[in-house]
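Below sits a lone chain in structure tokens, taken as the form predicted on its own.
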Amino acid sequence: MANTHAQTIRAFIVGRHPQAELTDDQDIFSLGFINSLFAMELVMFIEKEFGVSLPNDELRIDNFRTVSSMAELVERRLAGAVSA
């Protein structure tokens, strides 16, 4: 399932940056794809697309550095929603 989440997240980023050839483990901050507006769009996209809420303690740069880290964040939040 994380692969599907990663594909969805990667498609969102590439949709905003069509010139990007992005792998799941590339640091999108160092590639220059992120500014403050896009960071907020990314948080809102993840919350809406996957039906998760992202509390302040999850809004750390390392959770958003790569497509893989964002997919893992989604998995953790979904797992937490099931067990809660």
Partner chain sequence: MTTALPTLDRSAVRSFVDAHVVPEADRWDRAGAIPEEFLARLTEAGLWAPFLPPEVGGAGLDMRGLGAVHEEIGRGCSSVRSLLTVHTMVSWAVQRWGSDAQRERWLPDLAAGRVLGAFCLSEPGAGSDAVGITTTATAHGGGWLLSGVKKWITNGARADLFLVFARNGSGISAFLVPRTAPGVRVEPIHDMLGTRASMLAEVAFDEVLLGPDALVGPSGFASGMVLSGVLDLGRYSVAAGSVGIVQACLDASAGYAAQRTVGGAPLSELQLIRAKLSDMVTDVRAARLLCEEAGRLKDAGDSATIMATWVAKYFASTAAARHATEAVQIHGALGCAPGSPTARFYRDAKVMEIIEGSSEIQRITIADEAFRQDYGRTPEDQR
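Computed from a predicted model, the values in this text were never measured in an experiment. Numbering follows the first chain given and starts at 1.
Note that the form predicted in complex with the partner chain isn't included here; everything after this is about it.
- For the marked spot (39, 56 and 64), a heavy atom within 4.5 Å of the partner chain in the predicted complex is present in each of the three residues.
- When the partner chain is considered in the predicted complex, residue 76 lies well away from it, no heavy atom lying within 4.5 Å.
- Taking the partner from the other structure, the partner chain in the predicted complex has a heavy atom within 4.5 Å of a heavy atom of residue 47.
- Shown without its partner, the chain has 14, 15, 16, 18, 19, 29, 36, 37, 39, 40 in segment 14 to 40 as residues with a non-hydrogen atom within 4.5 angstroms of the partner chain in the predicted complex.
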